[in-house]
Structure formats: C-alpha cells, structure tokens
Ligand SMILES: Cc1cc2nc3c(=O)[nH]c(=O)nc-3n(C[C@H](O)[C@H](O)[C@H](O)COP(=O)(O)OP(=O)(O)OC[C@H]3O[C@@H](n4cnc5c(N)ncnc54)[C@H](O)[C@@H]3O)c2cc1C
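One chain comes next, on its own, written as structure tokens: the form predicted on its own.
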Amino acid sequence: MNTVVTISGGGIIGNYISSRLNANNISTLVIEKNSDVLDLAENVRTVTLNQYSKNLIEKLGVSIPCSEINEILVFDGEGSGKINFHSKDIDEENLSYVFFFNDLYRALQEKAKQRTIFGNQIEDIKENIDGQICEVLLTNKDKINSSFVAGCDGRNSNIAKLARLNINVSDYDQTAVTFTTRSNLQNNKKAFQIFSERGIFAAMPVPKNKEDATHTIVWSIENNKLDNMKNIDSYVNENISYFEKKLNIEFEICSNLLTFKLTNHYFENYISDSTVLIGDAAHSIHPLAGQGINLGFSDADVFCDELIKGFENSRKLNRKLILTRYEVRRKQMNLLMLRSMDFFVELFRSKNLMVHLARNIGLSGVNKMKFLKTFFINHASGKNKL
C-alpha cells in the first residue's frame, strides 16, 4: 500500500486531518487499533470549541448540535475577585461552543471511515535511504509506503515511543469529574467558573440535543480530599451546594459521573525523520480553560496547511521543511498555553493570604481593563494564530 500520510489513531484529530487532506487530493490512511466503529456510551463528556476550531469542522461539512456561550463569569470562590468575559468585547456573536464528545467523534469518524484500517496498530517505522519515504509495518504484517507518519494517538502515543522522543510529565494531584445537570437558570448562554478550596468548578450549557439537561459540569478536585475513588459521588453530592450558593443556581445531577486523573505532558520535539506528533500525542494541559481540544485542532490545521502548501509549491515534497515549519509554528505556542494553565492552577491552589489578596485584586483589575480582556479572549478564541 502507498499513501502520503499514515495517521496513527482514528480519534477526533486524526480523522479531521484525514478528511482535510483528502479534500485537497492528498492521500491518507488512518490506522485505528479498535476493531470497528465504537458503540459509545451515553452523552456525558463534552468538548468546548472556540470559533476557529468550529470553523475548521464546518468547512468539512460537519454540522452537529452544540450550545453557544456568549458570556463567561470567573470567580475566586474564597474572595471577591471576578472577571466577566463577553462576546461583545470582541464584536462576536459567541465566545465558544459546547459539543458532546461522542457526537463530534462519530461525525468525524464517519467522514474518514473509508480510509481507515481498523483493528491494527503501527508496529515499526523503517526509514528508506532517500529520506523521503518510510515503510510502516502494521501488527497484521501489512506494509505501507508513506511520506509522513502522524501520531494522533493520544497521551500514551505509540508513535512517540517508536520515534524515541523525550517526554516531560507532571501530575496535578487532582481528579476531574464531569456530569450533566438540570438547573433553574433561564439564560443558558452563560458559562461559569469558580476557583475554590473545594476544587475548580466549571458549568457550561449542554448541546441542544440533550433534552433532559441544561448544564455540563467539569470539576477538578484535589486528590487529598478524596480518600479513594469510591467516595467521589459522596464528595460531589456533599459539596455541590457550595457552588449553587455562589452562583444562585440549583443543580440536579442527571447523568453518570465520569472521572479521570489530571496530568500534563509535553515532548521536547514533535518531529523525528518521517514522524510527527499532533494534538494530545504531543502535549496535554489542565482542562480548566477547555483549551486542550482547540490546541489539537490548531496543530492539525497548521500541519495540513504546511503539507498542502508543500504540494502546491514543489514537485518534490520537502518532508523535512514541512515538518520543521509545523514544529516551529506550534511547539512554543502550546508550551506557552501549558505554562499559563499551570500558573493559574498553582495561583488558586495557594493558601498564602498575600497570594489570595493579590489574585483578587488582579482578577478585578483585569475585569476593568478592556484591552487585557480583549487580548485574553482573542487568544482563547483562536484569533491569535501564527
């Protein structure tokens, strides 16, 4: 078999890349270790796309239910500091959009299904002498001749291991829990985030196809507050009233609780010979701002952009130049976002009274400075694109 790009991982980002390149007459094959289209569980987990990411999937013809956010209210639960972000600050209709993970996954998988080899994994990558083509060996012993191997296979990337790239990992010592709720809130285009000793609590409107719910909750809790994972239900039920009082909203849980441990990672290099890491395979961050999926789409967009331009501008593909340009455009931006999220986690985790005072003054100060608010919103919305 021959193809330009072999993609490891048939998730959201891998399937997006396959469909985007296919639309530009660049051949791809997706290698997915699962045996077929997954029978996904109930809609609980959500992803929040900024306007730029939403535009990317719409250009592929993907149209699925979502909820709109035009205002985000951020509070320091232990003080009076707060920031209000509104779409009017950047002359846009909305700030971001909430999708169910399952809906987005299914829609993009359907787009790439005909180019996907299921029930397989990349076992080895052998570089040819000319440095432009590699041989990809699958677990079923099939071989693929390919110019690029794109690792879109998540945090424990098999491609990163095969490429022997150096990884840096940190543990937040937190557990995230997500679930959907019903509430008595009338205006459902608002999102809320509270930083407190009980955890980082975010409430966002659910997509419109979830008729029995109004909000999705993403709640990051310090592990030392949880004796074991069995008591997370009781912790949620005992502490959710604190956030209800802060927001003056009543929440009724109406789904299962999904949990996952929180860590971050990043690779010192994204590329090696024919291989390239994209999205969660290359980096991961704290979910407090919901930017992980958007960083993944930005990576995918830049990789596709560089590859498409490479085909347009040269008869002979310059693989090294394409991958280097991708790495230069994305690595520092992703690392900056990771460092920023880590800063906020530590800032609101601190029990130092002077830090408490400084962050309350800082939050309220930023709220009064329109140019700073506009900068933050433009960055989060994907407008500040290299």
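Predicted, not measured: the structure shown is a model, and the values here were computed from it. Counting begins at 1, following the sequence as shown.
Below, we refer to the form predicted together with this ligand, which is not included among the displayed structures.
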Is there any non-hydrogen atom of residue 207 lying within 4.5 Å of this ligand in the predicted complex?
no
Proximity of residue 34 to this ligand in the predicted complex, heavy atoms at 4.5 Å
yes
Answer for residue 280 alone: is it within 4.5 Å of this ligand in the predicted complex, judged on heavy atom distances?
yes
4.5 Å heavy atom contact, residue 152 to this ligand in the predicted complex:
yes
Heavy atoms within 4.5 Å of this ligand in the predicted complex: which stretch in 247-255, 99-107, 84-92, 303-311 meets that?
99-107
Contacting member of 136, 112, 72, 293, with respect to this ligand in the predicted complex [4.5 Å, heavy atom]
293
Across 236-274, which residues bring a heavy atom to within 4.5 Å of this ligand in the predicted complex?
260
